[in-house]
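One chain follows as structure tokens, the form predicted on its own.
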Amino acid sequence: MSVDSETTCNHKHQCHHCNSDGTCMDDESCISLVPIFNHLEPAQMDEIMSLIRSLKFKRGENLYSPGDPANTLYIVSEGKIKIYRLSESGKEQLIRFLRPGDFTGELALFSDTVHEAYAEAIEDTSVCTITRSEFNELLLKYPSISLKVLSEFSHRLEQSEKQTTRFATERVETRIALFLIECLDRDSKSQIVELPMSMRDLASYLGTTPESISRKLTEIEEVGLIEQISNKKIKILDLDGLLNV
């Protein structure tokens, strides 16, 4: 794990994560991405910003591993992270992936425990962090944060149940089609999806094999529903048709 040295900057609040060239990352840009914080008043945001620390991870580095103390909330400001577990046979099972604005470690903030999964940077990644003790003080001071955290827990439980149901009842091509639809940027008119993970990770996430993913994508492309622009980019040509795969 690589950690940037902390530096104090001449801003209206302390910036605890400066770049090597002396310029500072914007604390507010990190906090404002996160639904559990971005509803607060400016003065409250400033208070949270004063507690934030930043860490940088190279591709392939772990933020945490099973058995590590779980006492920190990690907020992704740049890059991508995958959360996964290993089966007894050593097979990797992807639980979820995190993009800017997503966070991990929140469950451990409510109890003294250790991590049971791996959190690995799948590209060079920057995260903002806040400790359990500091976060719990914020929960007591601003109850609205607790409601936002509960909302996020509910959403993740719903996603987990949906994923389990897909594994049990839906064909591989249906799982792929629904995943592509979920990856569409709702705020953009573009129909191009950029896959947020490798084929191996996607196969793990969808409960199949990379070979099956590749074969089914080709089949879906051959019937005119998608166009594979590159290994990472897929253009959706027929959204309604994809919904009925």
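Bear in mind that the values here come from a model prediction, so they are computed numbers and not experimental data. Throughout, we count residues from 1 along the sequence that is shown. Take the two forms, find the largest set of C-alpha atoms that superpose within 1.5 Å, and that set is the rigid core.
What comes next is about the form predicted in complex with the DNA, which is not displayed.
Although the partner is absent here, residue 232 sits close enough that one of its heavy atoms falls within 4.5 Å of the DNA in the predicted complex. Of the heavy atoms in residue 35, none are within 4.5 Å of the DNA in the predicted complex. Although the partner is absent from this view, residue 218 contacts the DNA in the predicted complex, with a non-hydrogen atom inside 4.5 angstroms. Proximity of residue 141 to the DNA in the predicted complex: non-hydrogen atoms within 4.5 Å are absent; the residue sits far from the partner. Of the candidate stretches 196-204, 38-46, 177-185, 61-69, only 196-204 contains residues with a heavy atom within 4.5 Å of the DNA in the predicted complex. Taking a 4.5 Å heavy atom cutoff to the DNA in the predicted complex, the contact residue among 99, 171, 155, 162 is 171. Contact check for 91, 209 and 214: all three have a heavy atom within 4.5 Å of the DNA in the predicted complex. After superposition on the rigid core, the Cα atom of residue 208 is displaced by 2 Å or more between this form and the one not shown.
Residue displacement note: residue 36 has its CA displaced by under 2 Å between this form and the one not shown (rigid core superposed).
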